[in-house]
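One protein chain, two forms: both are listed below as C-alpha cells, the first as structure 1 and the second as structure 2.
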Structure 1
Amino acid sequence: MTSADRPDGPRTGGSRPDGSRPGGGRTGRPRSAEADRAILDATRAALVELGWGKLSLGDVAARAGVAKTTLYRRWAGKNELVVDAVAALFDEQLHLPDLGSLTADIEGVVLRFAALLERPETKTALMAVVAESTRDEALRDRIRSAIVDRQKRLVLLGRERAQARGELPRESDPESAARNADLIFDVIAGAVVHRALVSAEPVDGEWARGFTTLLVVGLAGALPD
C-alpha cells in the first residue's frame, strides 16, 4: 500500500474507488501526482532539518518547487500534512517477518519500531501531531487510520502466528480477544515510545530482550484467565 491509494489523503474528493469526483463528470485540469510526491518528500526533509517546531508550510512548498496554494489545496494544515508524510514511513518500514517464535517476533518489531522512532523526522513529528490531536477530532481519526491501525494489525498478525505455533491459547470470546489485542498494542507501542522519546534512552537489543521477556511471561500467565 502506498500513499497513492490511501483514503482521505487529499483535502477534497475522498478518493472514490474509480477516482471519479462527486459532481459527476470530472472536469478541469487534474491534480498533479508529482506535486503530491514532491510535497511529502519535502516535508520529510524539512522535518529532518528543522524539526516540527520550525517547520513552515511556505518553506515546504518552496522545497517542493510548488506554490503554497497547491499545498493548501491538498492539506488543511501542518498537522494533516505531517501525518501523511510520516504515515508513508510507517508503510515502508513496518513489516512482521516470521522469525519463528513469539519472542523473536516481538523483539523484532520492537527494534524495528524503535529504529523508526530514531529517525529524526518521526521523532520530532509523532509526539507533536499526537499532542495536537488531543484537541482535534478529525486529526485524531486521521492519525488512527493512517498510523495507529496499521501498527495494530501487526499485533493481530503476531498473535495469530503465536496461536498457530501453540505459543498462545486461542481466545474464544472475540470481544475479550479484541480487548487483549488493544492492551498488548498499547503496552508495546507505549513502552517503546516512552523509552525512546520521554526517557530518551536507547531501545537496544538488551532493552528489547528484557521487555519482551516481561511481556511474553505476562501473556503466557495472564491471558489464559
Structure 2
Amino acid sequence: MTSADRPDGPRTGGSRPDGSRPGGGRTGRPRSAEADRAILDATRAALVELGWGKLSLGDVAARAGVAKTTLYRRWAGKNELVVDAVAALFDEQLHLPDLGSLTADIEGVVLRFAALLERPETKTALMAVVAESTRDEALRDRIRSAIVDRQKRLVLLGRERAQARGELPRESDPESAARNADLIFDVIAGAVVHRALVSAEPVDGEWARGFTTLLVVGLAGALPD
C-alpha cells in the first residue's frame, strides 16, 4: 500500500509521541501509550507467525484491537512500524547495571544482547528489516536513528564508569572520543550479531568471557587517539 492508498491520504512527516509535528502544531488527539504498546506487541507477534512478506498493517491493527487509521497516523508503512517494534524491545531489554568492573559490565551486556537476539520476535524482525534496508536508504537511516544511535548510550555509560574507576584513560579530544565510542559499539554489536544470527553459534558465558577479555585488553592497551 502506498501513501496515496491510505484512508487519511499521504503522510507528510513523522509525528512526535505526543501527537505533534516536528514543525509545530498537533495532528489531533494525543497518542495513547497503551495503544502504541499494543501495536508494537502485535507487530512482533505477527512477524513471528506470518513472516515479513505476509505482514500487513491491517493484520497488525486487528491483533492490536485498534482501527487501521490509528496505525496510518503513526507510521508511513510496515518498514517503519517493524523498526519501531524492534527498537522498543531493545530499549526495554538492554540495560547496563553497574557490576563493579569494566569486564563484568561488558560480559553482562553481551549476554543480555545475545538473549534478546534469541527471542523469535527479535530475530525475525531484525533479520527482516536489515535485509529490506539493503534496498531502502530511508529504512537504513531509520534503523540507525531508532536502534543503533539509541543503543550507543550503553557504550557511553560503560566507558564513563570505567574511566571513573580508573580502568580506562580519559579522552581529551571529543571527536576522538566519539569515534572510539562508535568503534567499541561496532565491535561488540557486530561480534554478537554475527555469532548469534550469522554463525548460529551459542553466545554463552565462556564465549562472553573470552570475547570480553580480548576487548578489554585492547581497550586498556591503546584506544585510537
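Since the structure is predicted, the reported quantities are computational estimates derived from the model, not experimental observations. Structure 1's sequence is the ruler for residue numbers, which start at 1. Just so we're on the same page, rigid core means the largest C-alpha set that superposes within 1.5 Å between forms.
Requested in this report: Specify the structure that is the form predicted alone; exactly one of the two qualifies.
Outcome: It is structure 2; that copy is the form predicted alone.
Report task. Once the core is aligned, please say if the CA of residue 93 is shifted by at least 2 angstroms between structures 1 and 2. Result -> Stays below the 2 Å threshold, so no.
Requested in this report: Classify residue 118 as shifted (yes) or not shifted (no) between structures 1 and 2, where shifted means its C-alpha moves by 2 Å or more with the rigid core superposed.
Outcome: Residue 118: C-alpha displaced by less than 2 Å between structures 1 and 2.
Query - Rigid-core frame, C-alpha of residue 71, shift of 2 angstroms or more between structures 1 and 2 - result: Passes the 2 Å threshold, so yes.
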